[in-house]
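Before any questions on binding or motion, here is one chain by itself as structure tokens, the form predicted alone.
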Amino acid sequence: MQASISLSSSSPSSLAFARSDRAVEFFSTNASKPSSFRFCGLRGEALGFSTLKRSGCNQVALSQRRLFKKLSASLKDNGVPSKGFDYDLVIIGAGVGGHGAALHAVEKGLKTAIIEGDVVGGTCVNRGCVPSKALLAVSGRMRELQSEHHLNALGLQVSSAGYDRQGVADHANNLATKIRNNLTNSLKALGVDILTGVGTILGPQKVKYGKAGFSDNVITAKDIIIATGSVPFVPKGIEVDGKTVITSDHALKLEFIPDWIAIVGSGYIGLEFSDVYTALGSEVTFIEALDQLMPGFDPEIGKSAQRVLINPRKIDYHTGVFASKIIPARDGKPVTIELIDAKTKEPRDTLEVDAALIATGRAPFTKGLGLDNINVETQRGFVPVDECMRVIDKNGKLVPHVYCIGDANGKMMLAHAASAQGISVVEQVSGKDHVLNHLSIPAACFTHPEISFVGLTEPQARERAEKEGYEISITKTSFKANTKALAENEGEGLAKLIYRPDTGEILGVHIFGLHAADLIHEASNAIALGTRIQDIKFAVHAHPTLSEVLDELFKSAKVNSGVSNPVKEPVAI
């Protein structure tokens, strides 16, 4: 699950996170230059493989020998710490961001420890992205089996589809357990020290950790990364009992399927759960603070998505309202929700439903970090950082050797953004200048069909263009023109490109359709690498594939004549 994101174009240094029932704006500083970045995982290069200039068995064998030597060294001593320190790097928090930073640190030869007070994997693996995708996989299969029109078009005949609630819940839990074990094993295999307990910064380059009721351990580190993540945000007036009024943490356990559930917030979390609940038979009512559903998405994409994801399904909605009070079901009475006008605060309506899911985004978790010990004061709960993720104290000065990544800094509340930030920090502490271009980081909503985007929305791009004095152009392609999508009988979908015709710069790409979450990466990598439209339109895509949606999108863009084309002449091989 992911928080709803909107990259503001009014200023290159702002990011707005639409928190559905509460619209909250956070601030950051975007990178001034694009750069490539790598996500967490055991990459080939991290294990000793590299691109070979010449092919040959001897070179492959040499690469393999280096692999085993590198792994053996990692397992043996996890590097040698800088003189006077227990570790080169200590990471507080073993979520996706901390895990990615730890793996990259080992690759760089840094002696590394990671402190975790709960379980490895953090929110994403245990209570977010991972188990939610298991539930969404079930909802996708159910939708296919329930769609008589879709099946008939493919010549299939299937009897009525059903499901076992506990079996579905077990699938989500088993997946989370498997991924958590994989992450833990990867850290151990590379020699990262996993220190169990709550991590607290005591002062410059000093951290303590330990469990309640046990004595604390104190360690020193040349550099410290805060990667403590976030928790569900619950607005005032809402009473969460974990049974009939729940957050995403509870919903992922799928302890029951309500006949009617209200979802407070229509961002990523709310949309994905509406997909799950309606596929499993529930009726859904959205409660949205803003005047339109799906805030944060490009408006045109949002309208197309609403036409498919909401209007034909058992979903109704109230927009422009706050849920000022929610009382759980008790004594035979249903869940009661009091709605007030978002602007006037006047009472609007009262709903009685079987359950309510609070999907109003997430709040940073910084409790017990010891920020006072380094003179740091949170801003709206977030740890203030600069464009290099360096922590800033209450006087506006950088705190030496302390960094903060992921949800705790509020720049971009996505698991893969946290990992990218962690890798960027490790590059810096290893002596290399590295600034992450957040506009190149993609986001996805795993509904059926999916929604994904990278860069600016159309309104943001127009606002920025007007401010900086250039023109923008827009081109679109439809999934109905794609052979693979039609073969799957999944022609609903739209791809949209926003770009500068004077330079060929890609400003934003938005996709709604089959496997949109997978397709977006060609665009995000192009932005990260600074690839222009006049370059990428020469790329070759296999036929017939969904990737041709992007191929047609880039080819349909019109770059002004006279713009230089740096594409190199092909080399015969």
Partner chain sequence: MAGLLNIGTSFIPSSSTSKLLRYPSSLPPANRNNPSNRTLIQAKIREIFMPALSSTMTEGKIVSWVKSEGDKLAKGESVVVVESDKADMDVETFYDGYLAAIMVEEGGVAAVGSAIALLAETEEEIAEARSKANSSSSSSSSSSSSSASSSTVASKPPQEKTPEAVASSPAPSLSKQASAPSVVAASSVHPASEGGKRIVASPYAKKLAKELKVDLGSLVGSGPMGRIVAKDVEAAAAAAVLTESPKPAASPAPSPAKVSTTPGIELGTVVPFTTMQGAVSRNMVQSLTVPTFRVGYTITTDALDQLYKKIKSKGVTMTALLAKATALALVKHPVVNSSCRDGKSFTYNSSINIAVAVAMDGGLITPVLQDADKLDIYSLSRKWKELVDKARAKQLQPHEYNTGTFTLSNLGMFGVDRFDAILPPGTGAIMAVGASQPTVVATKDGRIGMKSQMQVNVTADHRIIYGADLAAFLQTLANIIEDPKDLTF
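Residue numbers count along the first chain shown, from 1. Given the structure is predicted, the values throughout are model-derived calculations rather than measurements.
Although it is not shown, the form predicted in complex with the partner chain is what the next lines describe.
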Subject >> One residue of 284, 376, 485, 289 in contact with the partner chain, assessed in the predicted bound form (non-hydrogen atom, 4.5 angstroms) >> reply: 284
Original post:
Out of 200, 205, 366, 475, which one falls within 4.5 Å of the partner chain in the predicted bound form, going by heavy atoms?
Top reply: 475
Subject >> Heavy atom of each of 181, 432 and 559 within 4.5 Å of the partner chain in the predicted bound form >> reply: no
**OP:** Just one of 172 to 180, 205 to 213, 348 to 356, 377 to 385 has residues with a heavy atom within 4.5 Å of the partner chain in the predicted bound form, so point it out.
**Re:** 348 to 356
Original post:
Is residue 521 close enough to the partner chain in the predicted bound form to count, meaning some heavy atom within 4.5 Å?
Top reply: no
Original post:
Within a 4.5 Å heavy atom cut-off, is residue 334 in contact with the partner chain in the predicted bound form?
Top reply: yes
Original post:
Is the gap between residue 315 and the partner chain in the predicted bound form 4.5 Å or less for some heavy atom pair?
Top reply: yes
**OP:** Indicate whether residue 259 is a 4.5 Å heavy atom neighbour of the partner chain in the predicted bound form.
**Re:** yes
Subject >> Interface residues of 544 to 558 toward the partner chain, as seen in the predicted bound form [heavy atoms, 4.5 Å] >> reply: 548, 552, 556
